[in-house]
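Next comes just one chain, in structure tokens: the form predicted on its own.
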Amino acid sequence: MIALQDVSKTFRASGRDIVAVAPTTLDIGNGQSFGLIGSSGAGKSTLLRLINRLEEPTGGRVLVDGVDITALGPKDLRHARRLLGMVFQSFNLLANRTVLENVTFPLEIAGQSRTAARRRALECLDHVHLADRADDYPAQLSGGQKQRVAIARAIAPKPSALLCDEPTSALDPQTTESVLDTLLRINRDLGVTLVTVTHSMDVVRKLCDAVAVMENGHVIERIDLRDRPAVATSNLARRLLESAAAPAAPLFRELAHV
């Protein structure tokens, strides 16, 4: 389980404090596919990055499988981050390494032998249906294929959770489907918890079984999408559920003025 306990983040800019994430308490269950949604600037990407301390919390605690991430020193934090794979919008692949070498990279850093790292990397590439591209370089791949390589790299250390920051926002609709299918298989077949930041209702509809709605740094509502009908109390969340009923509806096209 991922447990956020009064976690907050405040930035100092131009001589004043800017609250990016107000004190937030949130539990995400093992094996869940959870979405963080809200308009631009709501704080959702910052909240996601607080989970693995890519952003340092100003206050509060983050527990992952009972381990207090916020209390760890640099060495233990590096080890704990292996439990928390990260998938970025921009892929972040190493251009001078092959697909296989990109996936083996975190395993080599962790001290695995080349043989063991190669075997595990090929397993992960097979899971994302790219084992036949192992010897190619990122420049030879489409955007969707690059993202699937990034996903393979993220699951190579066998994390308990994947943190996905807008993983499909740079992709066309058809390619988005293949990436979402990949993430769904990882969630369902491997039991990996997913935490996904997204603007897209199509992503929410396909991927998430629950969401937290953020506005101005606050989680204003949590909705279990498995409920039929799902119930919302805030205006923003009600608009979400209305858009969920419309096919191919972009989530925040009209929510900036809510």
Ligand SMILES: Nc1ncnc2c1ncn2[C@@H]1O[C@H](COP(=O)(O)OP(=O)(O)OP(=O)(O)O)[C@@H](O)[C@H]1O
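A residue's number is simply how far along the shown sequence it sits, counting from 1. Keep in mind it's a predicted model, so treat the numbers as computed, not measured.
Separately, the form predicted in complex with this ligand exists; it is not shown, and the next lines address it.
Though this ligand is absent from this view, in the model of the complex it lies within 4.5 Å of a heavy atom of just one residue from T58, Q32, T70, S39, which is S39. The putative spot formed by I18, S45 and E166 is fully lined by this ligand in the model of the complex; each residue has a non-hydrogen atom within 4.5 angstroms of it. In this stretch, 128-143, not one residue has a heavy atom within 4.5 Å of this ligand in the model of the complex; the partner itself is omitted from this view.
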